[in-house]
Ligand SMILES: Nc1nc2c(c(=O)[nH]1)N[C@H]1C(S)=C(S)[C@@H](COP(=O)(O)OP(=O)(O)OC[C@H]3O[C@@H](n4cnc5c(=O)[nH]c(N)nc54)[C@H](O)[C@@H]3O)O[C@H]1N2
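Below you'll find only one chain, the form predicted on its own, shown as structure tokens.
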């Protein structure tokens, strides 16, 4: 997350820029956030509460007042609770608003009501987080600002130019000062890859094999750090004797599709570096064996000893090092346990959950009709006439079109909130820059209004945002807890990194765990390994192409779809095929094509490019179904779980591409 300055003229946000005084944001923001003035002022925003008057999914509504909306919501909820109990309600709030108050208090409302609870984040990061936790522990990784001390950077499954722009800028700046080789390992030749000193176009799902191959070479060539391994790791001896012999360079080349020479070069550069930093991407974990992939790559700096060197190690996420009392907002009261609904299986649960079925759904800061796997199931579930759905969003999303009540939501620039970066070690109070447009109200405000009407007496539902934020610091530990309130609430950025003394490990052993009993309890091998997934093998025999999804540069997801400028910059929803695959199907650049498998079909525009390997179809960004020729890409993805963390397996999708046969859109 970025530290931003909003320029306001006569109460209207007219420009957003990166804070030039912030050490990391350094005065600029990405191409998407630069247009956030357009986002907050978009003429496409929902202006008033709405009530459905047409069929679900038709988008037909009439304007009503806030009191009418809130009264109907709470009357329906109370009736449902009286008939079926609170488990018949589900609150579904996620991350479109990153503020700890606006995101957290909606979940706190439903926790206090005793409703079914959302197992959040499975569409995004639960797999990589759980894999990191059982290997390194629930702690942050390397400080991205320490890259100025690095002598090698590896971007592994992360498109730095699209999703880590400030880190990428710091890398580029350092390269201008001195030699700093950059290696990019990614199935797509990203913008970062085009600027790399070494680019490795790895086959999807083979990251663990490559990491084990690098370990094999490090041991073979005497480049492993035996002293670090002995003092700070657990179980490498088992990996060395039982696993690494299976991954010589020739075998790894066969698995990954990379030349032996490039694998050898990667290992030599890494093993000879003094301080190599690996920036881990989450994309490698969004497939069947995603946890094993992340876990294995995260072990590499233990073999080289780079976890013990400033500027070395690896970075996945930093949020675990911001130790605040989140329960004060997220869990103010309510039963200790309740029925859980996995984020990615919303469609399945809307259709099939019983005792009781989900009868009321409240969606805030998310768009599950687009983002969830098996999106057709979600849409079918949302179309249930007996499901009372409320959507609180700034825009009329695909999900909102199925709602009974739509509430206009405030944008982050229109709220007060506390933000915790998850890609760097900073925390900051974000002050409201402008009043909400139209009749929009913040997530925080609406959660409090609903709590009052539902009779909840928890103090958190009566506090102003700043007072509520102060509750997070009661009982908190670590650097975040030491923030001076006067500086914090004046908007001063607060650095929350411990003084560097080497990578800490929060595992049961207090060491980096090559052998992990925690992993074994989760169903993973206790040792890092790579094996082909039998379901993927069967699907690959049936379908010739594998799906790769990645953030679009201007339309990463539907949170930015309300900005016409960004939609135009990204272009119509498209897919990318290698020239060989396009020629084999008689498809030309710019053609209208259908992507299809057993779950359905999606209509997109085709771009022909060698930025992906043969056998891969790339779909950048998540786009509303109304923008494509037909459908949205997650209709083709199953709701199967990853090997750990019960995460989504988007990249374990196999399909084919052919000419579009549906109606033409203008």
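Positions refer to the first chain, counted from 1. Every value quoted in this text rests on a predicted model; they were computed, and no experiment measured them.
As for the form predicted in complex with this ligand, it is not shown, yet the points below apply to it.
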{"item": "Candidate stretches 213 to 221, 121 to 129, 302 to 310, 174 to 182, one within 4.5 Å of this ligand in the model of the complex by heavy atom", "value": "121 to 129"}
{"item": "Contacting member of 162, 87, 480, 209, with respect to this ligand in the model of the complex [4.5 Å, heavy atom]", "value": "162"}
{"item": "550, 440, 360, 575 - the one with a heavy atom within 4.5 Å of this ligand in the model of the complex", "value": "550"}
{"item": "Contact test in the model of the complex: residue 650 vs this ligand, heavy atoms, 4.5 Å", "value": "yes"}
{"item": "is_contact(residue 35, this ligand) in the model of the complex, heavy atom dist at most 4.5 Å", "value": "no"}
{"item": "4.5 Å heavy atom contact, residue 625 to this ligand in the model of the complex", "value": "no"}
{"item": "Touches this ligand in the model of the complex: residue 366 (any heavy atom, 4.5 Å)", "value": "yes"}
{"item": "Residues in 552 to 589 close to this ligand in the model of the complex, defined by a heavy atom within 4.5 Å, in order", "value": "552, 553, 555, 556, 557, 558, 559"}
